[in-house]
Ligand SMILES: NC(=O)c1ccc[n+]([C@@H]2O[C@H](COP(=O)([O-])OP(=O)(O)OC[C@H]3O[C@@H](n4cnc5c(N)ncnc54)[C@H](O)[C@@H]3O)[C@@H](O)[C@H]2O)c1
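Shown below, as structure tokens, is a lone chain in the form predicted alone; questions about how it binds or moves come after it.
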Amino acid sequence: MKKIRIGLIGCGARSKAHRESFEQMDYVEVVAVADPIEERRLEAAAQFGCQRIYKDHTEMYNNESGKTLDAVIISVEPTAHTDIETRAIEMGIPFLVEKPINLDMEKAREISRMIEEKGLITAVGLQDRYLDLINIIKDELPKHKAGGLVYGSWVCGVPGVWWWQNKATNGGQLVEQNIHLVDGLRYLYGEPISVYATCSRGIVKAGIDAPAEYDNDDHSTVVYQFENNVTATLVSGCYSHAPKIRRGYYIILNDMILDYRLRNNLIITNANGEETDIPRGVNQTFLLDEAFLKAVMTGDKSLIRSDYADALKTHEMAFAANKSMESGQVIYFNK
């Protein structure tokens, strides 16, 4: 079998998860890596015996082509989305890009238009669409009366990476981290009707509880309304180190409760009060990577559960919540 030739743009923490996938795929060959931090690019290159090592994506693109690369995996910090995607599009190289896809929504829309014009295969790292627990919920929902309440949460401490310290460099926790639960709502319930959001600061003290440059929301609460009388409240917080914080969804149906513990297990409580606890059974990043690479190999885009155009809708949904936080107004979609 001819191997698919991969280039890695960004070799940090998230890249490692993709590289673990590629180690298990005998049809993948990592042939080029790029990262501005020497230690990271050398580590990634050594992992696969790769000899084409570049200091950044520009150097990679200047030395590679659509004839030497079948696809690239883009795992970079939120502020680094300069011309990485546009050059891949111009060169006709399919790409998988990690979230957030861009902090500039107009630029993201332009990239999406370029992809459509080119007919390029893309995927975005909204990995939970491939998670068995989320798909159990998706299959279960139509069996019950429409409507109800959804509670979602992702609360933790302040991550140490530099871009997390400032909302201007990460888009806020909803965009940088909780985008997975935002996307899960779209995946389960379709497009939202409206959003209203609030945020708060003052709990985390810059230079004491977080780095001195910390300038972010400590927590936010977002209320999304969907069709069929579904209201979802999604909370994000980066102020707490309390143990056993519950993250995920708590979905109250008319005759059932779906208690999804983030990427760990799903507890289903039926009308008789009987509980079924289902542990996670798959590696969702592996399935994400597999779907993208098989789509590149076969041309079958249906394997991909969130391409760039679809992921753009999720990001617009999150940025609309940011707009509501700033304005204090309800934001209506498609109006």
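Position 1 is the first residue in the sequence shown; the rest follow in order. Quick caveat: nothing in here was measured; it's all calculated off a predicted structure.
A second form of this protein, the form predicted together with the ligand, is not displayed here; the remarks below concern that form.
Contact between residue 129 and the ligand in the model of the complex is not found at the 4.5 Å heavy atom cutoff.
In the model of the complex, at least one heavy atom of residue 125 sits within 4.5 Å of the ligand. For the chain shown alone, residue 66 is not a contact residue for the ligand in the model of the complex, no non-hydrogen atom being within 4.5 angstroms. Contact annotation: residue 37 falls within 4.5 Å of the ligand in the model of the complex, judged by heavy atom distances. Residue heavy atoms within 4.5 Å of the ligand in the model of the complex occur in exactly one stretch of 104 to 112, 71 to 79, 141 to 149, 222 to 230, and that stretch is 71 to 79. Contact with the ligand in the model of the complex, defined as a heavy atom within 4.5 Å, holds for exactly one of 172, 192, 184, 100, namely 100.
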